[in-house]
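The chain that follows stands alone, in the form predicted on its own, written as structure tokens.
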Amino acid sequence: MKSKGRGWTFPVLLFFVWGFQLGRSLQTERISGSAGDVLEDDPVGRLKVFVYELPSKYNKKILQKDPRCLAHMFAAEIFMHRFLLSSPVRTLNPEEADWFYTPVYTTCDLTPNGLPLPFKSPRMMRSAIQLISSNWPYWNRTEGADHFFVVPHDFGACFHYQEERAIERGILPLLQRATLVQTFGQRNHVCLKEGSITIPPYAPPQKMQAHLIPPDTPRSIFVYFRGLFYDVGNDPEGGYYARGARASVWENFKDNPLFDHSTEHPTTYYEDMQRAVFCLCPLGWAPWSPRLVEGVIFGCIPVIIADDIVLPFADAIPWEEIGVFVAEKDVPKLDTILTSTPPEVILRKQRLLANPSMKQAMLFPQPAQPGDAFHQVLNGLARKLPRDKSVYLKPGQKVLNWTGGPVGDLKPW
């Protein structure tokens, strides 16, 4: 059996002979070095967070209007708020706080299809910042340098789902000094500011738990992917969506028997990932996707196709050791890259993926659990302390441009 004139290599023969059963019922392997220590850090006692109490129109009322926000991949902003309200790091005394958190649900204005519309988000965020700067003295001391915001949009605080428009907009000027907690991460990009904390997108823990299959099930699928290859509605000419990487996957491997990929999303999606050795995680409109989380949870080696991506909690999770990185230009060689991966390398990646700490760090469970994504965010904030005294401004000093950005953003919300 051959594909596009290439003979199968030893690892692929192993795959067909054993159904890659050697990838099942694995012992786990602890992450070595500093990453393992960071992953297991406990943030409690290392920082205190003050949660601003905003009018419900900024959060709870928006959610009441559309509860679908609880289930989509941007829901981290909601669950982070809920977690902090009952977290032992919360302080009710702002004078002793290390960090200040403003709960604004900027991704909860949804289309009928359930996709977030970012167009009101900048006005909403500006309004919230104007409120806290008027009613409390803490913002004005630093103009946000000791504040953090959760902004899980496609391109974070650039507040647009198309990259060109996001780049044009740039990060909301009032957030330039704050720490941004966001799913978007790409090196040398205007929508990722230095010091941001990159988090995983939200994936429903209970739903994934309900679809677990016996751990000794053979991994009989070599490469798995479900999702769009083209976005005809938003990119009718092609080539812009996913920078052509997804289209290249389909055009090069649609007839390759090692690739189980389709635009259909079967009810057995989660089960299928647990039967696969490699799961493709290509960029879409943004470089990140829930497939990163799903791959880790289900022990399917993530194949990351997104140049310059900054991955979640990269100081704690050794992505180079658990995943395979393929440059966008090398997608036509994807079959060769994966079939030439030695079995011992695959086995080690699977052992690392089997580590419960790794899986826990990718999830926002309800209730929170030690080492989960909530705690990894707090660890990231704690590592920024103590902060340099230079962030504190002189009385009356202003650094931020309060009238900057597109004119439409300045309208009242």
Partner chain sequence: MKLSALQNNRRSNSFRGASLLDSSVDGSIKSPAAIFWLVLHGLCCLISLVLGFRFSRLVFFLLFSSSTTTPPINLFSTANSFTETLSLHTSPPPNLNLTPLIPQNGVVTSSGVVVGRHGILIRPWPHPNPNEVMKAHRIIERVQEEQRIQFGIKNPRTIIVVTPTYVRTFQTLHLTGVMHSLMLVPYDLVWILVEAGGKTNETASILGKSGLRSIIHIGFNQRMPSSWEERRKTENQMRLRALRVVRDQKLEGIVMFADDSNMHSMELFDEIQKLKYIGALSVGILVHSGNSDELSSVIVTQKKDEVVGAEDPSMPIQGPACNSSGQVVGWHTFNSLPYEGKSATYIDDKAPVLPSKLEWSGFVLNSRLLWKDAEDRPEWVKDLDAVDRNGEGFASPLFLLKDTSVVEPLGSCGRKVMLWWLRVEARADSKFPSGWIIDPPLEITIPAKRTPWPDAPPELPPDVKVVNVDEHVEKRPARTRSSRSKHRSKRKREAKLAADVSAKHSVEN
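Residue numbers count along the first chain shown, from 1. If you're wondering where the values come from, they're calculated on a predicted model, not measured in any experiment.
Missing here is the form predicted in complex with its partner chain; even so, the following discussion is about that form.
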Partner contact for N379 in the model of the complex: its partner chain, 4.5 angstroms, heavy atom
no
Quick one: does G244 come within 4.5 Å of its partner chain in the model of the complex, counting heavy atoms only?
yes
In the model of the complex, I346 touching its partner chain (heavy atom, 4.5 Å)
yes
So in the model of the complex, does any heavy atom of W136 sit within 4.5 Å of its partner chain?
no
In this chain shown alone, the residue from T336, Q209, Q130, S262 with a heavy atom within 4.5 Å of its partner chain in the model of the complex is T336
Checked T198, N140, N256, Q176 for heavy atoms within 4.5 Å of its partner chain in the model of the complex; positive is N256
Out of 288 to 296, 181 to 189, 141 to 149, 72 to 80, where are the residues with a heavy atom within 4.5 Å of its partner chain in the model of the complex?
181 to 189
Taking its partner chain in the model of the complex, which residues along 228 to 262 bring a heavy atom to within 4.5 Å of it?
Y230, G233, N234, D235, P236, E237, G238, G239, Y240, R243, G244, A247, S248, E251, N252, F253, D255, N256, P257, L258
